[in-house]
Structures are given as structure tokens and as C-alpha cells.
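Single chain ahead, by itself, as C-alpha cells, in the form predicted alone.
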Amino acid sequence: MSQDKVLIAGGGIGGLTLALTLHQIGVPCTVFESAGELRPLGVGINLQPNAVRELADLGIGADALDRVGIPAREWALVGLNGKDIYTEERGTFAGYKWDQYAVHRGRFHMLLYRTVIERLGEDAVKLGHKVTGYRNNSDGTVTATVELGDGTIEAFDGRLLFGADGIRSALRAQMHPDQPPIHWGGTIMWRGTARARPIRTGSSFIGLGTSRHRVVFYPISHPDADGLADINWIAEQTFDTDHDWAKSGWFRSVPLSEFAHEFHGFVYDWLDLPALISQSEVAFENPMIDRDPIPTWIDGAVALIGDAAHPMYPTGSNGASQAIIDARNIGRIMLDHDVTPATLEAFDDQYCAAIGQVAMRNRGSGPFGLLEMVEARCGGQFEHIDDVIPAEERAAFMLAYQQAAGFAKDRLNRAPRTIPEGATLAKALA
């Protein structure tokens, strides 16, 4: 392989978005993905307006996203008593220039994969190739060690190497061999989808319950002719820290009988959660895990992005969005610094500490911190939420999170394109 190429370890959302971004600015790259076959795995995720803007600038607009999801109209927190704590419109319904999308993760992933293959060619993504380590070379290049599906080991040289290989990143482990183990804060999540009629606005993201015992649900498809949509649900229960969370594999399939009884009380005149869950064909169990922030995401010609750099709890619905933003910011910085370690240094300087703080906000419940405030002030029972947390205080709390996560409306609407239209590295260096 030519040393002129950029190497990307991991063909997930971050790695594929980076490949599309590099192609946009004229930088050749190759993606190495450990899976021998990509399939539309997972359930629902949200793409915040800042990420949707970047996808649009990559030519992945509403027509494509509507095939894998639906624009979100509302974000709502509801107490265990069934009464609203906080609501706000989202995306263009709230005055953003771009929608927030609730999508099926697997279908969105496959959309990115197909787009990479169409634009970069069949050889751009090497399936069954797991990057297990790297070596920085004296000439400033990098060599990636890659294990193939048959167990053989090959070496690939490149100008730069990006680790987009997830929370259990091999590149992060080499870069930070003394990093603390994966952190679990006590919460187990069960996820699934069911066909049902959307409630409230027809496209509402609803968080219901308490900080230790809640469910999140929202549609991830447009309704069919009968008014039914795919409803993504995430049921969460926080246990004592001596709970055996390690038995919970990543998306371990579990029978509904293992956990559904934990949520039998979530029945209201507008929602019967047990009935919704019971319509799911399969459920998956996950521990809610992340990692402590690290002091740097770079080592020579190697950089981490996405979950490899800043794995975070999904409480803020911005993990996938942040991976997309990482990729786009790398492209922007590369226009100024060329395909050199200077790009990685600038990326690290600008974002490592700041995004580490966002991850810690999510560990502290992120926007769901309002549920903790309600519990602390009134034990979760209230007649009028304004008597517990004034509207101004609730709005300020949410704005602070949006600003930290990079999708505060006014700032985002005013911001210029991350990568100027038509910009390429050749033009930038001319």
C-alpha cells in the first residue's frame, strides 16, 4: 500500500464519515474493519443538528436520512408521576437550520458504508481486517499491524493512522497502556424496537421516570399506511455497584422475562410501557459504560476519534454525532496543516479536553440531570413543576448542555461551514 494514504482503523460511523470527508478534500484513504461482513445491527440513535448539517455538506441530505429515520419534533422529560418536567421542540421545529434525526443505527451505518463504496470504490473498505497495533516510523509515516480473518498478520504503511475502533480500541490501549479499566456506573440498559402508534407530536423523544429507573422511547421510522412506526425503547435500571455487569455483553440478546417486570408500573392513560415492550421480537442488554478522559488522543502519526477517543454514556444522545463532528473537524484542520502530524496536534489541542468534559457531563446524567434535581427537591412527586424547578432554571440547564455538546441553536445557525464548499487540499496548498 502506498505510504501516501491515510489509514483508518474501524468502519463504524466515525471511521466511515472520516473516509467520506477525506475523499471530499482529495485525500486518499483506506478503512480497515474487523467484521467480515457489515450488517444493519443495533437499534435507535439520535443525530443532532450539528451532525445533520455535516452530513448534508457531504451530500447525505434529508432524502437519504428519511429512508433510515425520521426528524425529531420534540424532546421531553416526564416524571414517574406521568407529568411533564421539561419539553422543547427540536431541529427545524425549534428554529435550527437543520433537523435532528432519530435513526435506526444499523440502517444509517449501512447508508454510510454504501456511500463510501460508491464514492471511493470497493477496495476503500477492507472487511475482515483488524488493526491490532501501530509503529511510528523515523520518516514520519506510520505502520499499522493488521490481523486478517484467517489469522495472518500484515503490515500497512500510511501517512497518518486514525483509530476509530471503539471503546475497546486496540490503538488506545497501545497509546495509553496504563489507562483505567472501562467504567460502569451501575446502570443496565435493555433495548428493543416495537411497532406502535407514535404519541404526542408523532415524533417525540421521551425520557420517563427517575434518574435510577427510567425509559427512553421515540420513533425511528415514518408511520406506515396504518399509522404504525418503529418505536425505539431503552429501559434503564441502576443497580448497586456489586451487580455483575460484566456478564452483559455488548448487545447481548435476552428474553423479555429477564427484565420486563422491572417496568410493570410504567402504565399511564397515554402509555402502556409493558404492552409496548411485549411487542418486541428481541431485546438486547448493555451495561452503560464509558472510559475516563485521557490527556491526549495522539501519538506521532496516530490519532483517536469517536468512541476510541471519548466513549460516553448515551444520556445526551450525542455519541454518534460527536464521532461525525470529529471527522469533519479533522478535514477542516487538514486543509490548514496538510496530511501531517501537525493536523493531529491541532485537533488534539482544540478538542481533547473539551470533549472529555462533555463525556463527564454525560456520566453525570447529561440532560437527564433534571430528573435528579426533581428527586432531590421533591422526591419525584409534584403537582406543578414550576413550583419545584422554575422554567428559567430548567431552560438554563438544558442550554448549558447544548452549548457544551456543540449544538446550541444560535451558535450553530451562525457558524460557517466546517469545510468550505469545494475546498480541497490541493487548493488549500496552492
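Throughout, we count residues from 1 along the sequence that is shown. Note that the structure is a prediction, hence the values are computed from the model and not measured.
This next part talks about the form predicted together with a small molecule, which is not shown.
Visitor: Among 62-70, 382-390, 48-56, 33-41, which stretch sits within 4.5 Å of the small molecule in the predicted bound form, heavy atoms only?
Guide: Result of the contact check: 33-41.
Visitor: Can all three of R159, G331 and V358 be found with a heavy atom no more than 4.5 Å from the small molecule in the predicted bound form?
Guide: Not a single listed residue reaches the small molecule in the predicted bound form, so no.
Visitor: Taking 4.5 Å between heavy atoms as the contact cutoff, choose which of G319, P287, G91, P341 touches the small molecule in the predicted bound form.
Guide: Partner contact (heavy atom, 4.5 Å) among the options: G319.
Visitor: State the residue from H222, K130, H176, H183 whose non-hydrogen atoms include one within 4.5 Å of the small molecule in the predicted bound form.
Guide: The residue from H222, K130, H176, H183 that makes the contact is K130.
Visitor: Tell me, yes or no, whether R172 is in contact with the small molecule in the predicted bound form, where a contact means a heavy atom of each within 4.5 Å.
Guide: No, R172 stays farther than 4.5 Å from the small molecule in the predicted bound form.
Visitor: Give a yes/no on whether G209 approaches the small molecule to within 4.5 Å in the predicted bound form, heavy atoms considered.
Guide: No.
Visitor: So in the predicted bound form, does A301 come within 4.5 Å of the small molecule, heavy atom to heavy atom?
Guide: Heavy-atom contact with the small molecule at 4.5 Å: absent for A301.
Visitor: Although the partner isn't part of this model, could you tell me whether G166 comes within 4.5 Å of the small molecule in the predicted bound form, counting any heavy atom of the residue?
Guide: Judged by the heavy-atom cut-off of 4.5 Å, G166 is in contact with the small molecule in the predicted bound form.
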